[in-house]
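Let's start with one chain on its own, the form predicted alone, as structure tokens.
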């Protein structure tokens, strides 16, 4: 257990974070393991094989914590010995949506946690002249409006791509509060932009930092 000073400092930092970003931006607990994974991913000397291995580990942690944001219902099951156990189960109606291409790196992590989960895709590109984000392609489950959506996108520098993607989901009648954004690295600018645009959406990230590892997609897929 930490000292009184350490606990006080932690509480102050927590309150400052809430004041700046609000309650719907959540981060992974900062452990030495998480910090090591973030360090390896940011290191320019990391080989691609190591990069992918450790990126997949961080993705799994983020996906697991994102799933904790989904609603559960109470249930009672019978054990092999005939005993009763008061447990929990996911409410039905969850799906994933990846923002192509880097968001596809997170799909396997979701499938590893949720067997047979349906996953849609959004492709957003920036206009070469205006630099405005535009949707090129979108494919969702037909009943996505009735589902909780895990929107997957690993790196957010400006937030423009995510804002456009969420707008498309809402055009398909997905409720803002039913969207959970799963992210690895987010800049303060992007966090504030997204929260300002969609204050009811939940954001789960591993880190809010001014410098995002924008090489992630190229390194992960070997196109750098």
Partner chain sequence: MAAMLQQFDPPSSASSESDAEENEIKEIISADDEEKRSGHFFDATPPPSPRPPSAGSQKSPRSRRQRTTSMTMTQSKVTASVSVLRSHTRTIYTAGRPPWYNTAGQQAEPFVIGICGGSASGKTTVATKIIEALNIPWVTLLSMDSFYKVLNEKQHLLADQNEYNFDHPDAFDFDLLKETLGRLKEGKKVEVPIYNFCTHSRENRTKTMYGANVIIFEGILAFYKAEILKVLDMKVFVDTDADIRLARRLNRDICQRGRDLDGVLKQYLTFVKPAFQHYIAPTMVHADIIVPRGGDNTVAIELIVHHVHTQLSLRGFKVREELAHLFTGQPLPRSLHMLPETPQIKGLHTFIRNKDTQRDEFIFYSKRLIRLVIEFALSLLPFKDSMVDTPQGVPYQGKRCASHKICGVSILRAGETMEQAVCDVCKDIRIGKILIQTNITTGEPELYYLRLPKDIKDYKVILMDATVATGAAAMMAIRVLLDHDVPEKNILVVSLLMAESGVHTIAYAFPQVQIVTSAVDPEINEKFYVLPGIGNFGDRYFGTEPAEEKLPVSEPPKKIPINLPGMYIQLRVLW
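Positions refer to the first chain, counted from 1. Just so it is clear, the structure is predicted and the values come from calculations on it, not from any experiment. Take the two forms, find the largest set of C-alpha atoms that superpose within 1.5 Å, and that set is the rigid core.
Note that the form predicted together with the partner chain isn't included here; everything after this is about it.
K.L.:
What I'd like checked is whether 153, 172 and 195 together line the partner chain in the model of the complex, meaning each has a non-hydrogen atom within 4.5 Å of it.
P.N.:
None of them does, since no heavy atom lies within 4.5 Å of the partner.
K.L.:
Considering the partner chain in the model of the complex, which of 146, 138, 113, 117 comes within 4.5 Å of it through any heavy atom?
P.N.:
The residue in contact is 113.
K.L.:
At 4.5 Å between heavy atoms, is residue 178 in contact with the partner chain in the model of the complex?
P.N.:
Output for residue 178 is no: heavy atoms all beyond 4.5 Å of the partner chain.
K.L.:
How about residue 130 - does it come within 4.5 Å of the partner chain in the model of the complex, if we only consider non-hydrogen atoms?
P.N.:
Judged by the heavy-atom cut-off of 4.5 Å, residue 130 is well away from the partner chain in the model of the complex.
K.L.:
Taking the partner chain as it sits in the model of the complex, is residue 214 in contact with it (heavy atom to heavy atom, 4.5 Å or less)?
P.N.:
Looking in the model of the complex, residue contacts with the partner chain include residue 214, since a heavy atom lies within 4.5 Å.
K.L.:
Do residue 161 and the partner chain share at least one heavy atom pair within 4.5 Å in the model of the complex?
P.N.:
Flag for residue 161 set to no.
K.L.:
Okay, which stretch from 98-106, 138-146, 75-83, 117-125 lines the partner chain in the model of the complex, with non-hydrogen atoms inside 4.5 Å?
P.N.:
Correct option: 75-83.
K.L.:
What residues in 40-55 sit within 4.5 Å of the partner chain in the model of the complex, counting heavy atoms only?
P.N.:
Heavy-atom contacts to the partner chain in the model of the complex: 40, 42, 43, 44, 49, 50, 53.
K.L.:
Taking 2 Å as the cut-off, check whether the CA of residue 85 shifts that much or more between this form and the one not shown after a rigid core fit.
P.N.:
Moves: yes, 2 Å or greater.
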